[in-house]
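A single chain, nothing else alongside it, follows as structure tokens in the form predicted on its own.
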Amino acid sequence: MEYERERSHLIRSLREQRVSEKTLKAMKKVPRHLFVPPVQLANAYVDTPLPIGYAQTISAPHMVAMMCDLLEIQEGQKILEIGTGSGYNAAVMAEIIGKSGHIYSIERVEKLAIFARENLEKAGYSNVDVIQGDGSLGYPEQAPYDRICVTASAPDTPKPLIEQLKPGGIMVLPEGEGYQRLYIIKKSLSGEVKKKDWGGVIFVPLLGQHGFDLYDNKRGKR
């Protein structure tokens, strides 16, 4: 199988980092080389973020694995993803939830949304809908969600995402601009929200109505 040796090496490395077997099984099935630009094919299974254009990246495999584990994803769940990118993270989660589950993924950049749809189709994932729009608003049309995975850093927790998280649900998201922290947010069955700091991370900014401004004097137009 194409890239099998590189993929197996990556899985062995992630296993040493104590990634769960459930997540490893999913990542072993996802052909990451279908989710990177042609110029990055040689690095498809290197454990590092890769540029995918439009000032965006595909997350490093260890970060994808960690977020999946923190979300405690189960088969059959409905998941909201904010920041589709190339579609790789959605594909890994789609493997875990199986055909009885579904993912709604929001991507701000129209051309990346198209790229992700094409990649997911090539890879054979039919349980992911990619929607072009402002991810900071979530996707109320299909709320509430069992899990919410945010792959861009917000200035603080977007209120719409808290509202769209199902009681008993889990959300993982980075917050901050220069200095970012990854947070696990859990909503109890009674609706109480608890937030736990997991550690430092580096993500692209979440731009939108409940994110960073689309125009920023320090970053320019994004």
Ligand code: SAM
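Here the structure is a predicted model, which means the values were calculated and not measured. The first residue of the sequence shown is number 1, and the count goes up from there.
What comes next is about the form predicted together with ligand SAM, which does not appear here.
Colleague: Taking a heavy atom within 4.5 Å as contact, would all three of Ile79, Ile96 and Tyr125 count as contacting ligand SAM in the predicted complex?
Modeller: No residue of the spot touches ligand SAM in the predicted complex.
Colleague: Please determine whether Asp146 contacts ligand SAM in the predicted complex, using a 4.5 Å cut-off between heavy atoms.
Modeller: No, Asp146 stays farther than 4.5 Å from ligand SAM in the predicted complex.
Colleague: Is it the case that Ile58, even though its partner is missing from this view, gets within 4.5 Å of ligand SAM in the predicted complex, heavy atoms only?
Modeller: Yes, Ile58 sits close enough to ligand SAM in the predicted complex that at least one of its heavy atoms falls within 4.5 Å.
Colleague: Report whether the minimum heavy atom distance between Val19 and ligand SAM in the predicted complex is within 4.5 Å.
Modeller: Close contact is absent here: in the predicted complex, Val19 is far from ligand SAM, nothing within 4.5 Å, heavy atoms only.
Colleague: Please run the contact check for Val109 against ligand SAM in the predicted complex: heavy atoms, 4.5 angstroms, yes or no?
Modeller: So Val109 counts as contacting ligand SAM.
Colleague: So if I measure heavy atom distances to ligand SAM in the predicted complex, which of the stretches 39 to 47, 164 to 172, 149 to 157, 190 to 198 falls within 4.5 Å?
Modeller: Careful reading of the contacts points to 149 to 157.
Colleague: Taking ligand SAM in the predicted complex, which residues along 68 to 92 bring a heavy atom to within 4.5 Å of it?
Modeller: Residues within 4.5 Å: Glu81, Ile82, Gly83, Thr84, Gly85, Ser86, Gly87, Tyr88, Asn89.
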